[in-house]
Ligand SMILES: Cc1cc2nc3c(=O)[nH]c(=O)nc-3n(C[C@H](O)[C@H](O)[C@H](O)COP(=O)(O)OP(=O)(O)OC[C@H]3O[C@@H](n4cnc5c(N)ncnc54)[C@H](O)[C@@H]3O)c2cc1C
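As a starting point, one isolated chain is supplied in structure tokens, in the form predicted alone.
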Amino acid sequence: MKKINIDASLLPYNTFGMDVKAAVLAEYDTVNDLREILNDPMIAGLMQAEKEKGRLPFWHIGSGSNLLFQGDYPGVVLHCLAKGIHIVQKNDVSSAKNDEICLLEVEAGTLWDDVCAYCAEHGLYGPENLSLIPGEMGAAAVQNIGAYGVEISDLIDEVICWDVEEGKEHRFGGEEMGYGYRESRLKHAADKARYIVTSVVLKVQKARKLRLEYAGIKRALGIENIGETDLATSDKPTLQEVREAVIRIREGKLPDPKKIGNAGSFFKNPVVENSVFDALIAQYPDMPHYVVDQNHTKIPAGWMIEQCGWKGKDLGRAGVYEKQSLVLVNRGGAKPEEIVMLCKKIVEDVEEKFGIHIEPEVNMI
């Protein structure tokens, strides 16, 4: 099934609650539907016109949870409706390895948290620390979502795409995706314009393997005083308990987009060289930080934004969430330009105070 709407409202398709329109909104269930949409003369003409203006020929969205439309979109917006989770086998995987791992092919339109719920229910380890992150499978793989010591790239075996230029399926191995912090090859213009994710193969663990190093998760589980050795030999906490703890943490810090418009964490946490970090920690001894490697340290952008006095503050109808400074919110009826202006002011203030340029994590379209 495919649906093509002209001059379509995107209000239901972005969690920021921006009341904007797309020239065309095209939704599809199958790869054949997608091919028909791309070959539609009207849509093909619009895509070509956008390319000639030096813009992307189309924009593919998930559930709209990590983007900000800065105004009406003049081109084609695509959205996958296909949902499903299927166990798959590979002939090139040894039987011994098959006893340790499970491969799941997930359709691109499947809600990511439904994948986390499925794995927890079936005793499959890996995605639990990423529970309740909003969005769909395809967008999650492109964005390389992450939380509490886990990135989705840790779990990806293959990303299956439709190659728009060649008119055929293309499979990227996880190592071919160019993954980094909130980064992949499919976020860049050349590949974004060529490949559309149709499904993702995840590699999850059948054996008990939890990531519990984050203090917040330990506190939520009440296991702060239990040593790593004891945790490793215990059957507690359970997989479901870890998932529920992560959900409680996220619900306590992040606003529900059904109640207040937002796109989750708006800014990336900057990774700086240790020479920069050393100068800052001397000035701000209580500054939270995370060691990335022997030469780099990650500094929470939310902490810096809070130090600049923005936590809970508004600029027009746009604001900074009172419980988490990384999150920008639509207080009600905000225009895209109000969110953009707030973003710019925060970036300027952080750079002036700390000498660090923070970048949006959200796609600004």
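Start at 1 and count along the sequence shown; that's the residue number. Predicted model only: the values in this text are computed from it and were never measured.
In what follows, reference is made to the form predicted in complex with the ligand, a form of this protein that is not presented.
In summary, the region of this chain contacting the ligand in the model of the complex, judged by heavy atoms within 4.5 Å and restricted to 216 to 224, 171 to 179, 279 to 287, 136 to 144, corresponds to 136 to 144.
The shortest heavy atom separation between Ile305 and the ligand in the model of the complex exceeds 4.5 Å. Taking the partner from elsewhere, Val329 is found to have every heavy atom lying beyond 4.5 Å of the ligand in the model of the complex.
Contact between Asn66 and the ligand in the model of the complex is found at the 4.5 Å heavy atom cutoff. Although the partner is absent here, Trp310 lies well away from the ligand in the model of the complex, with no heavy atom inside 4.5 Å. Out of the listed residues Ile196, Ala120, Val204, Ala245, Ile196 is the one that sits within 4.5 Å of the ligand in the model of the complex by at least one heavy atom. Of the candidates Gly75, Pro270, Gly126, Pro255, Pro255 is the one whose heavy atoms come within 4.5 Å of the ligand in the model of the complex; the others do not. No residue in the set Gln324, Cys343 and Phe354 has a non-hydrogen atom no more than 4.5 Å from the ligand in the model of the complex. Residue Thr15 is the only member of 9 to 47 with a non-hydrogen atom no more than 4.5 angstroms from the ligand in the model of the complex.
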